[in-house]
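Both blocks below hold the same protein chain, though in two forms, and each is given as structure tokens: structure 1 and structure 2.
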Structure 1
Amino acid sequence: MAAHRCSLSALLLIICSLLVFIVADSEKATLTGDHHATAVDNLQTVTETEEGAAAEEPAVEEERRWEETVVEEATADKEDTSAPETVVQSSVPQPKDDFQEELVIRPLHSGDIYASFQFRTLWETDFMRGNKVSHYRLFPKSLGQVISKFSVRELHISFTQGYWRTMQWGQPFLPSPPGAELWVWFQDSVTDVDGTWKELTNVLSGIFCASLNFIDSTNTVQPSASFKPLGIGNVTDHRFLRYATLPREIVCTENLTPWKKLLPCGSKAGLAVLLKSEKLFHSSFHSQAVHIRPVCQDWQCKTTSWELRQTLNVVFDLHTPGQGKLEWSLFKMFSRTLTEACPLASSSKIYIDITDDPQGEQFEVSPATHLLSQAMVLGDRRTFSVYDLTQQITFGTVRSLNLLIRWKSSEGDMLRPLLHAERYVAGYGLQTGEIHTLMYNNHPYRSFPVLLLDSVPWYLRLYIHTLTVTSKGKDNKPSYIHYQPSKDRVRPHLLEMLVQLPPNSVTEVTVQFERALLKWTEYTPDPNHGFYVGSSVISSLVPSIVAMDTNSTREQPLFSSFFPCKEESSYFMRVYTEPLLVNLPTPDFSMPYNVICLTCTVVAVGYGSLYNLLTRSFQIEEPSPGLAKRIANIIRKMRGVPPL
């Protein structure tokens, strides 16, 4: 009997796999939790009836077994941890996705506090190669459709309000320039990159409620050496890269709202409940970004998955809420406390940076936690206190977590950041000027190369023959220069240089420019505000103090795994300078009205005076008689007597 059942079950397996292949294809989109519940109920009833009935027909038994296997495989596939071995039976693999969230809080030496949220969704699926992905679970559908429709390989978009002060705050985990920045690597199957770029910017402007449709050929560049892909990929032909910034773009709640809607839990559960706009925008620096790229799943990189990272960096100013004592808490920063982790997240953690204060002398964190973790981030080994929100004990008896950081003493200074940059416009008048970019290398004995990317709009006509690069008073010739001149109203200037920065020095790059006169329709409605020039981007591999971890697939906190690490002795850093605000010669827009008024006045007054002079004749007039005489004249007229 057992052998009979074995052969029968083998036959059943073959038939079942075929059936499942057909059924799962049609049912893939409709497989929901409810279906699971009903399938589980069916299974229970099936087992009950099976136990009840003694002898059954093979066909009926087959059918019941088929239901069993389908449910088993479906439940196995829906787990989002390690892949079960039963997947091989189902010939249509269900994509596995994973969501992690974390918050890193770093008290800064100036008394401000830096909070960085990162939400990462990993999805093992393939948007390319003709696969029509229709079942989205944790990955937002709007972005998935954007990736597949526009054949995007990597997409990085950031919205920033404020400027990151490197000298006071150190290095950010994820740098971003003021305004909006968008850079995209397209797949090499795209034939018309410019047309696709234009459509992509329009679609993104609708998704993020920003005026990204102002990105056109006049502010888009194709960097040749900077902005290499951050994810995996073989293609590095820079024809498929597009980079644009809008320094004037404002960030407000209308950009945060669609950004929050992309999260799996929305703003209802997990760390995203802290994202309240009234507190987030009342800060010195606010930056939200979306990064999409393909990453390796394992060490050998046999499978790739798509990674979506949503990051939000905010620096709260010490003096803004009007508090006297140096004390920060989640409630003071975000006007909310945490009550639970996002149920869809596989990990939900808060990290507090206590590297500067291992003994607890400078500040005190409560509630205390014994979980510590070390991570290599930004070339330094830093220690963090960890709060795991997936554990119920983190929330304590009050069922809510309100972290409190109290400063005890305000000593100690910050380590000077190794790379720092500034930029300003020199000169006077509205005709010419000079752009100065200063790059500081604060390492005592090591020099390293930096790649400087400058994109200047066409209405500042750069004189490249006046370009000078000096360090320590001497000329410093760049080893690689790529310059693309601008074309009026078509293309901006693009200047990329690889400069070796000597140790402990300041390198100054200067170039002179001339301001162009725009056509009167090209001025904005408020031209006296000035015109913005986007930030310069300085990318470099900075020597690190500790050995960096090159295995990117190991489990590490999200904030330390953003930039891929190829070698151990250095780490990648990107620094953005300030945007420039230049005044262009602006005409007086009320002049047409003034001219019309003036001309009409002149003609009217001139013609009137001329006419009077030509036609007026002078006569002697009797002075009018007094009142008594006039009355007497009237009476005399009535009497018929000649007047006086």
Structure 2
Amino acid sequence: MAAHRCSLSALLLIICSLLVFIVADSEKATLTGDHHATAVDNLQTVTETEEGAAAEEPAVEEERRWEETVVEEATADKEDTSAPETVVQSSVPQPKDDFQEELVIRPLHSGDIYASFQFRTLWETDFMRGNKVSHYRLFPKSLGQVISKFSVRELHISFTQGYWRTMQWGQPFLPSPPGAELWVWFQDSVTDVDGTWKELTNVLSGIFCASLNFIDSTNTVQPSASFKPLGIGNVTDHRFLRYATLPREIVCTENLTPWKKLLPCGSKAGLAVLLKSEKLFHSSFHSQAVHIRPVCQDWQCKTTSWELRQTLNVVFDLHTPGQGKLEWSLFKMFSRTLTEACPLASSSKIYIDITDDPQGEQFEVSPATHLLSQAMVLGDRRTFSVYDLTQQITFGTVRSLNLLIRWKSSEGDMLRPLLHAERYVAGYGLQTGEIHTLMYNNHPYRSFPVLLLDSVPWYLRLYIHTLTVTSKGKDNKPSYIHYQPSKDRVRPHLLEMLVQLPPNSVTEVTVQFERALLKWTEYTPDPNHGFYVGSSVISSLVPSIVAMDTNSTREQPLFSSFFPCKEESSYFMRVYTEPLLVNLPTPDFSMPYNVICLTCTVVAVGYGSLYNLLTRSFQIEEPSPGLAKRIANIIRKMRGVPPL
């Protein structure tokens, strides 16, 4: 029996071993089959699985054979058809947006430093066809929704603190008036332009944390000739254009913060790290703007894109009295240096204007760069030193870029701007006055037309019959005049004129006005400070500065100097004058306080006396008896006798 039991145990052991081997072989076959299918579908997955199963030699040999087969099949397919890699790349959608950033630094002859930031985002999309855009990559979603909801064709908004001194600093790259400025072109599909304009100003007020909600019909105009569209499509129907200014708007940090959040990298990387609020607002001039317009993608304009251009211009006063021009640097201006470009930017560059000092006699730039660029800027050929932040060699070994300019000499004259303007209020008293606008044409021998736009509040009642335009002591009749009179508490005055400016002359435009008396609820909390009137806007095609050189033919080939080039003919310029501060007849707001005090005193004295007389009761008091009489009454009381 014992031998029989041992034989049964051995038989069971053999059967179990066979079952184990059969299961293992089936699992291996299943694993190999799975790898075969995966390799046929994706060669990269076969390679990863092959590396993961390197411990099993039979499986490795099996997978290598499948890998070779797949490679041969892929090669055959590549020879017969197009490359698999090309098919994969074409199937992946390429991004249709692009972001660029740049900083232009110009040393001014006054000893100040002009820094201009520009951030441009291009997006190939269409907000107008009713397609709901749900995915935003670089373009800010808040502005995209504004364009879609309000059918905006172009939007231009700026916030400026300070006044640009044209005679000291020259012409800015992008001019803007003091305070807040907003002008918008709507699509022709908008039926209620005024209602849409009101809603848009309220939305923009929340986006930029500004007082744009104070824009209403009393400070909004509809120009008939100025502010043409800057993008594609020359729209001539000015019913869809609205323009307004708030000259008293104060620009501060709460306006800069939402502006920086619109950037793809915010203020964390790229040139935006230099935008430190305590440094920007401690400057002579500061202006930030947002411009949205449709532009062409190619020269044939077959495809269009939306362009968002954010600009920030600042002028730092680095001239110390008594010490002359010393030096400036990025760290001195912004308290920061650059360490990297924005990772989302396709281009990130810094330009330093060295046109006025090509030989390095006035200032020295360090670190030096061999990259130079020339461009036509405001009708003049300018030369720039270029620093490309996308190249690691720009930052050097210290991984930081701190541009430095050391002044060597303070000599040098600035070329006067060909066009600039001034404005002031004349007259005496608080009844009538006169507005004077001076337009200067400094070109020595060429005249050119300018388009003047004036928007005057309704409480300054213009006498349009007193309008005079004089140049060199003679009357200068405008070739075009558009005047829209104001309505009290409804709309302002609008005056547009096309005037020809003679060469080397000063053209003066004067008009008289009468001050209106406001209701006491319409005065500001500080009425004695005065009321602001927005800047005048002057638009013109100014002759190029290059064309002023009459001896340029001596340095150029003869075949290129007979007919003027396009870049040497003229360029567009927009100039803003100073805002006006006008005093209006102001009542004595302390009089109500005096009246209240006097009235309360009279009421207290008069009513108090009358009330006292009507409510008081009168009684006759007998004189007190003498000492002898009192003693006698006491004795009589003790005896029980009635008192005397």
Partner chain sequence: MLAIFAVQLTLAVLVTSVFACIQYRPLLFFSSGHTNNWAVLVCTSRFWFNYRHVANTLSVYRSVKRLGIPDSHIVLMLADDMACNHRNPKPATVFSHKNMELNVYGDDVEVDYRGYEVTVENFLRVLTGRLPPSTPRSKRLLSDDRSNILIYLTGHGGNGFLKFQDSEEISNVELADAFEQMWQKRRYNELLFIIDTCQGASMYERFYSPNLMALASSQVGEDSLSHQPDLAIGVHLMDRYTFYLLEFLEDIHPSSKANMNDLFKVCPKSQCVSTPGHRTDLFLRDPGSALITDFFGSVRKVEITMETINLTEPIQQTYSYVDQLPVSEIIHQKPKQKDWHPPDGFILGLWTLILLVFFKTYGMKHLKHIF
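Heads up, when I say rigid core I mean the largest set of C-alphas that superpose within 1.5 Å between the two forms. Numbers given to residues start at 1 and step along the sequence of structure 1. The shown structure was predicted, so the numbers you read here are calculated from the model rather than taken from an experiment.
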Form predicted alone: structure 2
When you overlay the rigid core, is the Cα of residue 587 off by 2 Å or more between structure 1 and structure 2?
-> no
Relative to the superposed core, what is the Cα shift for residue 598 between structure 1 and structure 2, in Å?
-> 3.0
In Å, how large is the C-alpha displacement of residue 626 between structure 1 and structure 2 after the rigid core is aligned?
-> 18.0
